[in-house]
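A single chain, nothing else alongside it, follows as structure tokens in the form predicted alone.
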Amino acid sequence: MREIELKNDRGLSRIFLGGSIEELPRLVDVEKTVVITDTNVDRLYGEKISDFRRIVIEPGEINKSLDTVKGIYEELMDFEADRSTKIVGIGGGVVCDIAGFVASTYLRGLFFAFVPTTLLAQVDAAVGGKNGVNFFGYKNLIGTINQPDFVLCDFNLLKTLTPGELKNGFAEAIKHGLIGDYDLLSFMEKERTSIISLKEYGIERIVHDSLKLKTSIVAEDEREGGKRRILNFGHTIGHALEKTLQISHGEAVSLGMAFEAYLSEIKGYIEREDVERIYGILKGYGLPVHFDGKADTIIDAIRKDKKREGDYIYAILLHRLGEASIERIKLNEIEGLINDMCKFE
């Protein structure tokens, strides 16, 4: 089992790669731990965590809300949870976000950890300390930055995922390659068949390399005051598309990356052949690079993005494959290019 460490404001966050969910009782005190999970995960793996007290929520982005958080608070009160109680979120990004937010706010902060059960959560969502809920349909508008004490990545849990769920994770791993790890990007390009078929060496490589990059960035800028913004590549446009087009997170981020690659070309940073190569990699994993939608609706969603500052938004632009920078771009410049997204195919 490989381990990555992330130093943070609270101390040390440990990430275990290739462990098993059955090892959880060795990492936490069962009597003092409450597991937060969803009905899908509980149905599949409930027997493996049957010794723990559990709070089971409904799955899906629609349930990442303050109403769900309120219900969890009430159950923690029923459990008579105190400052010694530990919270373990077992599930995908939604569960990890909610569990981290609850643990960071209940009794002013409890120990918490994650066992991510989706590829998206393993390569991205469970690591980095961002915990939050949606508000009036806008993603993660309310939240905290607080690191888990540990993250346990069990690759065997990925075998029950649908192709659509896997694409969400592939999109985030491609993002990591594009912004800071050309070797990872090349590996994903060359080993696509093995990765899509969940060969262990392929999955372990993309999870490890993704988290190695992400933890190095977060260690420098935990509170997203500067460099950490680079991890938002594809997400500003992506979040707007996810809300307005009602598409999956992976599809939305893919479209956001396609847009920012195109913007990078317009700015003269990369060549057209680089953009075409990016599109080819995304398409190879079944991810889209063009869309049909109403520009004004998308722009309205972008203007409500939490990363907006006045008439500017932070964009992540590629200078080459594997190297990116953060730039403030005027919103009207972004607006003028949105319609071109339809020409990406």
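Model, not experiment: these values are computed from the prediction. Throughout, we count residues from 1 along the sequence that is shown.
As for the form predicted together with a small molecule, it is not shown, yet the points below apply to it.
Within this chain, residue 93 lines the site of the small molecule in the predicted complex, having a heavy atom no more than 4.5 Å away. In the predicted complex, at least one heavy atom of residue 118 sits within 4.5 Å of the small molecule. For residue 84, no non-hydrogen atom is located within 4.5 Å of the small molecule in the predicted complex, even though that partner is not displayed. Contact check for residue 59: a non-hydrogen atom falls within 4.5 Å of the small molecule in the predicted complex.
The partner is absent here, but in the predicted complex a heavy atom of 45, alone among 291, 279, 45, 285, sits within 4.5 Å of the small molecule. Exactly one listed residue, out of 204, 165, 189, 149, brings a non-hydrogen atom to within 4.5 Å of the small molecule in the predicted complex: 165.
In summary, the region of this chain contacting the small molecule in the predicted complex, judged by heavy atoms within 4.5 Å and restricted to 32-40, 65-73, 47-55, 294-302, corresponds to 32-40.
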